[in-house]
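Shown below, as structure tokens, is a lone chain in the form predicted on its own; questions about how it binds or moves come after it.
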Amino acid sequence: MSTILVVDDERGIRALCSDVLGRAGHEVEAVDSAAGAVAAVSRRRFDLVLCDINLPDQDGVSILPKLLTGDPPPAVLLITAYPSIDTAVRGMKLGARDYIGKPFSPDELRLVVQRALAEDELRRAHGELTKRLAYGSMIGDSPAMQQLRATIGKVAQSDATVLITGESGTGKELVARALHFAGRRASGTFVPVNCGALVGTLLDSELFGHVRGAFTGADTSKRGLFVAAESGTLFLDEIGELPIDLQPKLLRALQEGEVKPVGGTSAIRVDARVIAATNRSLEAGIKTASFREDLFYRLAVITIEVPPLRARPGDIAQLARHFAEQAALRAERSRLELTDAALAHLAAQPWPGNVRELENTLERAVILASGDVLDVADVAGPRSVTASPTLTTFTGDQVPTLDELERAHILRVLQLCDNQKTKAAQMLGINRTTLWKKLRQYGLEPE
């Protein structure tokens, strides 16, 4: 049942609306003036307001701002005679949902009201969906996470470029997705690209597209990710890995809103919000001439720093339970409980790999668990692989070289990640290309 306010100075119209809408199961209140309407909406919340444009004390359009109050505001339908249809259209531009012309039949009234209420229900459902998409994976109620969500809420409605900083594994892409789904571009596409995964012409083509014959193997033209993210968001992860020769092209795309495909002669207009992320210091890159200063300032219009997990230990128990539940679903086994001792142990760890490391730890614990309870022994096993690195006490000539230490550390991280090289690279704080080079250097991967 919906609550509906009818505002009309004609007794017959008020009676007709009250009878028809009341029979349809709605709760109806009727008033005969603008002052009565304002008093009614200040007293209670309505789902819909039917308001005549020609009222004795004030016209219906002029009181729209006062009618459209509340959270959410009611849907407003204007009642108009034919000569004032232009005024009704002006009212729709100010926030009215629709209008109905006098005289109208009971069927017309039912139809227009039903349509407006259905649209409102869809809007509310869409709002809840985008809210879940935006914040559903951002688990934690610590002050740091509350501040992060508040910042996202403020920044999401803007189209300004955003630079997300933070250690590897803190959830920078989750923040980027939240900015997308909480903003006005939520109905558009979220397009992520890892700038460290591709090099040279491949990355150029991926971002900006190419025309047929632009290079060997370019048998057809291809639109780039800037075009694919039209009216949506382009997320540039590991922006610090972007080759220096591509940085001027990205700068132009940000400044001018246009891209030129590889091998193309004309530019293409694009409308995509750009969000970038890095776990490296771009300021340090500026000093070593590996990152352009003008591009840095264009990307960092707004900077959001994602806190490391050790800065919000109060969230670890909640995260651990969530990851254990998700891992149990993937493993198709019953839900597992974590003991207080296990949660205390997890909360006491430094987590250099941050949330990603905690998630991997819980997944491994769930897979290897023999019962339905996870205790300290279950969650401590993986931590032995990724504990904060310390130097063993060496004696005599038994001192490993830096290469030997690095090789051993890479092997341990690969073991933790079940040999998934993308995850291992992220945990090590390097890109996948660098990891491949080190694997070949240490004879862990064939040439």
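Counting begins at 1, following the sequence as shown. As the structure is a computational prediction, the values presented were derived from the model and not from experiment.
The form predicted in complex with a small molecule exists for this protein as well; it is not shown, and the discussion that follows is about that form.
Judged by heavy atoms within 4.5 Å of the small molecule in the predicted bound form, the contact stretch among the candidates 368-376, 317-325, 152-160, 243-251 is 317-325.
In summary, among the residues Glu230, Glu173, Glu258, Glu305, the only one with a non-hydrogen atom within 4.5 Å of the small molecule in the predicted bound form is Glu173.
This chain is displayed alone, yet in the predicted bound form one of Gly169, Gly196, Gly285, Pro74 has a heavy atom within 4.5 Å of the small molecule; that residue is Gly169.
In the predicted bound form, at least one heavy atom of Ser137 sits within 4.5 Å of the small molecule.
Taking the partner from the other structure, the small molecule in the predicted bound form has no heavy atom within 4.5 Å of any heavy atom of Val191.
Proximity of Asn279 to the small molecule in the predicted bound form falls within the 4.5 Å heavy atom cutoff. In the predicted bound form, no heavy atom of Asn54 sits within 4.5 Å of the small molecule. Three angstroms is the minimum change: in the predicted bound form, the CA atoms of Ala327 and Ala425 sit farther apart than in this structure, by 3 Å or more. A shift of at least 3 angstroms brings the Cα atoms of Gly353 and Cys417 nearer to each other in the predicted bound form than in the displayed structure.
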